[in-house]
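The chain below stands alone and is given as structure tokens, in the form predicted on its own.
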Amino acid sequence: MAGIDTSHPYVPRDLHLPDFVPGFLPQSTILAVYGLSSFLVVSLVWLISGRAPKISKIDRLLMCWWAFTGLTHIILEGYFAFSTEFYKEKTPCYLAEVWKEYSKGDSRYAARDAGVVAVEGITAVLEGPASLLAVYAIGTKKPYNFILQFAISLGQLYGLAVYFIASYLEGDNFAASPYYYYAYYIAANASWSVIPLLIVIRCWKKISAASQVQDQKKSKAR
């Protein structure tokens, strides 16, 4: 049929991807490498944070989260943001393979949608390093650690909202099948909706409580 591109597995089928090269690695390998790498990062941060004095389990878990999400932003999303033609990669580069696979759930990545590139670029450049700074801030009990976590989490929620809303306004027809839609587009992004929201609520309470104590001290000093 005229206008239909059968050289790639993505939807819409008429998406033009010249010189597209199919992925080399199976889904199981891609997910296993990502899962194992994430597990090692989280385990390492958990063990190291356990040696620091007087760090609560919640803060240790948050350090694990910020290390995981920070490296994901910088490495995975950073690669996507600055690799304009990853779908043409002719060697089994793992990072290119990740995005070739994920594009089955959201072909805007393969198509280099301007909105997606902008969101991912900002996330990689700003939120990635800020997330790693949050690990340090929590571990060393810096006074700015709550406002930093609050700001990053708001940024993540905002970026995710733009990501989903833009897809909806454009027809929400970018997944190769319902499986990829729910496995990649929905499930893979779920952590960045639930966890940042919980962190925002926690930090709001901590900052509000600290502000209230400060106001009480000022009142007593008068």
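These figures come from a predicted structure and were not determined experimentally. Residue numbers run from 1 along the displayed sequence.
What comes next is about the form predicted in complex with a further copy of the same chain, which does not appear here.
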Quiz prompt | Selected contact from 58, 47, 40, 165, since only one has a non-hydrogen atom within 4.5 angstroms of a further copy of the same chain in the predicted complex | solution = 165
Practice problem: Sort through 187, 194, 169, 32 and report the residue having a heavy atom within 4.5 Å of a further copy of the same chain in the predicted complex. | Solution: 169
Quiz item: With the partner absent here, would 123, 210 and 214 each sit within 4.5 Å of a further copy of the same chain in the predicted complex, counting heavy atoms only?
Solution: yes
Self-check item: Contact stretch among 99-107, 67-75, 86-94, 140-148 - heavy atom within 4.5 Å of a further copy of the same chain in the predicted complex
Solution: 140-148
Practice problem: Determine whether any heavy atom of residue 158 comes within 4.5 Å of a heavy atom of a further copy of the same chain in the predicted complex, and answer yes or no. | Solution: yes
Quiz item: Applying a 4.5 Å heavy atom distance criterion, does residue 154 contact a further copy of the same chain in the predicted complex?
Solution: yes
Quiz item: Is there a heavy atom of residue 119 lying 4.5 Å or less from a heavy atom of a further copy of the same chain in the predicted complex?
Solution: yes
